[in-house]
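What follows is one chain in structure tokens, specifically the form predicted on its own.
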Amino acid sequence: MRSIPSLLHGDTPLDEVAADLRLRDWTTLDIDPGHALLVAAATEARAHQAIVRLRPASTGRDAGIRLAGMRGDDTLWLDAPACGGAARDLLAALDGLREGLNRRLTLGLASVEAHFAHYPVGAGYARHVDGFRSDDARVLSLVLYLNRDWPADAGGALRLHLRDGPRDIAPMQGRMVIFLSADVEHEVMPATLPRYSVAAWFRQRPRPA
């Protein structure tokens, strides 16, 4: 049986993540930027972008709708047939993280969806929340950055709009941000360099109509 790769070692980081989410609706932690899975995922994301497999992302629930000025990223879902081993391993690791958080938070997290994202120079994503009014399946949002040696003056932060004011999080490789999908407004600030990340959502089963 193939083992599931892990991004976090031991129970303590997950306990701390769960405690933060209970207390303040969001958390951030840093994974070793040299972690083999992160390095492989970053390499794969750049390879897909080089041959134009990442395509312009749509906005909202209707595929193909890209509102001018709303978002400027290109994406590729990790379970797409074109994806390779690093994407599959990363998706498995995220699913293991989902299971660990679900045991601690009992949020009914039943599945994970995730994609590579590439933001060209100057591109961003306007302020929004990840939950849809007509669909509450997304419970937790996660962003994992894949940018080694990111300069402090390059911009590109994830800006969380929190109860105590905005908080900017730099897109450094290994930095992971998790927050409540329906409650935390956020935006992606433009950068002077292209940048890569993985965006993921831990989902609950659809509720009966």
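In this text the structure is predicted, and so the values were computed from the model without any measurement. Residue indices: 1-based, along the sequence shown.
Another form exists, predicted together with N-oxalylglycine (OGA); not displayed. Remarks below refer to it.
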Checklist entry - So in the predicted complex, does any heavy atom of Arg71 sit within 4.5 Å of N-oxalylglycine (OGA)? => result yes
Next on the checklist: Can you tell me whether Ala42 touches N-oxalylglycine (OGA)? I mean in the predicted complex, with a 4.5 angstroms heavy atom cut-off.
Outcome noted: no
Checklist entry - Might Arg104 be said to contact N-oxalylglycine (OGA) in the predicted complex, defining contact as any heavy atom within 4.5 Å? => result no
Checklist entry - Can any non-hydrogen atom of Asp130 be found within 4.5 angstroms of N-oxalylglycine (OGA) in the predicted complex? => result yes
Checklist outcome for this item: Near N-oxalylglycine (OGA) in the predicted complex, with a heavy atom at 4.5 Å or closer, the residues from 136 to 152 are Val143, Tyr145
